[in-house]
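This document contains two forms of one protein chain, each encoded as structure tokens and listed individually as structure 1 and structure 2.
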Structure 1
């Protein structure tokens, strides 16, 4: 029985999100306007209205004009506050900064930057913003309905409050950044969903809110887990391959061997001395100091989640020691390497391993021009 309302509310929510996609299209940067702002009296507002009506009744029954005036004054204040609340909130403009990846057992954060609104460059939004996630993860239509990756629990998502300091004169130059905590309990690559920003600034009589989609993607790494991992030293046959991959010719690398030159190898590796001496084209090979490279693997009978968690932990600890390593598990093969980029590559690959979600879920093509430009710039860099 209780499943029916749950399904209903899910359906309603789905419809709501669809409608919102049309009304408030996703973008990296939002300047709030008439379309994107919703406003209704808050609980206090309704109490205030009821109070005004009570005063009206009291004034009518006692035939007391002063009570009537008071009630009309309260109602007018209510009416004016509607416009003041909206006016204040319509000065809010927010830009999203690309979120950093995080582990699913930890709390990530979304960074929102408060920027000057295009319509009111001089005045900014004041008051307390209360921010919460409407849906942390964007649902993709193609996804199977039964398979629910979302973290949303039945409990209402927590809301976070931020005091805007926009109007304090000393800080006008700096943009305020709001760090909104983000909880996603499963690993993978996600497109972030809508975030609800609300404000009741002047008197708390109205609640102004908006649901914004910042079109951000976040990678959630698996939870690290300490445990047994098979460590294989890379076989000698593979070694040359692995070594040749390290094409750094910087000084901290040691000379390793001379080999016959093959067409396609970089010319700066050619040992020109040998060429000049006897005409033989020989290329130099180098190896780094931590020359030992290993491949971490886990037997395929261990279940996927545990394996991914174990490998995540190992990745973190090996990277911390700046050692060369690769990863091998079932279909996942990552060649040995080191460095921060390598670590991120490994963690991302682990996070996405065996997930049916496409790495980037298709984003609506109805994006705002600002965001498109930014996309292009991002790809060209």
Structure 2
């Protein structure tokens, strides 16, 4: 018997989401209008209505004109607040920025930018906005609903409050940005659900809300875990022709060229003379006449989640040192490379990896095992 109410609630919620998909379609940018706004009296508003009704009954029973006048005044305030609350909330327009990837053991965020409304670009919404997640996330590949990613394991999702500054300008750089926390406990690529945005400005007698879908996807990296990883060196067919760029100014290799500085590269490679001279951030590149490409691998008998966490930690470590590396584990093959883009490519492939993942890219088969690092330090970061 207890399963019947649960099934009914799931059925009602499923029908509600289908109805919202038709009434408020998903979009990266929403300008609120009559179809996307819902309004009802708040708890304080219902109390105010009951008080006005009691004053009217008392004034009619005792024929007290002052009580009747006070009840009419309260009714007028309720009607005026109804229109003003709706008008204020209808000036809200928000745009979602692409969320940055994050690790499942850390907290991410979804950024909502408050922009001028098309119907009233000179006026903006005022008051306090209450934002919370309406429904659970969905995995991109399977489209199966997973558990809610709330901060605490409670039935109701947490609500976050933001104060609107009311200074909306046409320039994008001056728009207000709302940072909505996002917690997902599992790795993978997910589609974010709908967000409920509510406001009770000015008197709190009415509550306006809407349910918006911003069509956003987020990649959640695996939790880094320190442990032993097999390191294989890629053997070159012709060592004399193997010239690789090593972005490390501390070695004894020859200077190669200057390249544009990328965010995340070590600061000891920055050419400070050029920065001081013309303000352009460039980094030094050096060449080496030896093959220094490596492949990180994990034995196939290791658990998938453990292997992915170990390779995630090594990807972060090797990328921080700007070394050339690839990844090989079961069906996942990533060719050796280096740089920020290669790091993101490896982390994304590891986050979406499962038993049925096809090969990512071919890797050189001529590898010579040179070491297996045995790490006896803490097993988690």
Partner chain sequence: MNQVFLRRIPRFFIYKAVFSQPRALAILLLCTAFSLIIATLTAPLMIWVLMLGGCAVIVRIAGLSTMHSLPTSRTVNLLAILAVFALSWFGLSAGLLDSMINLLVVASGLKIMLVQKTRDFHLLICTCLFLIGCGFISSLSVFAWLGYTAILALLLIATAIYHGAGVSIKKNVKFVTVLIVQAAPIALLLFLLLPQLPPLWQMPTSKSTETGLSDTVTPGDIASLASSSALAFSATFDSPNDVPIAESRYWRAITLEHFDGKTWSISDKRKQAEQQLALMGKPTPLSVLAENDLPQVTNYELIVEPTQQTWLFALEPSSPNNRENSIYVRSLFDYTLRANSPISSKKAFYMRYFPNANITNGIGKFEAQLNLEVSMNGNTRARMWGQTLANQYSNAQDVVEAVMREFGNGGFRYTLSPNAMPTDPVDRFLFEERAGFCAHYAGAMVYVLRAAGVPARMVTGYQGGSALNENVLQIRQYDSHAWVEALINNVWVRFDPTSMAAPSRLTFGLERALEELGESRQTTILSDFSNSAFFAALQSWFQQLDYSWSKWVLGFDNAAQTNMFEELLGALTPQKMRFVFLTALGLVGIILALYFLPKRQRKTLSPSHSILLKAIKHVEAETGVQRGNKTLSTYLAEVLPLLSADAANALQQLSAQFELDSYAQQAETQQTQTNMKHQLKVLKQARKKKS
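For the two forms, the rigid core is made up of the largest set of C-alpha atoms that agree within 1.5 Å on superposition. Predicted model, so just to flag it, every value in this text is computed and none were measured. Positions refer to the first chain, counted from 1.
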property	result
Pair member that is the form predicted together with the partner chain	1
Residue 35 C-alpha shift between structure 1 and structure 2 of 2 Å or more, rigid core reference	no
After fitting the core, residue 60 CA displacement of 2 Å or more between structure 1 and structure 2	yes
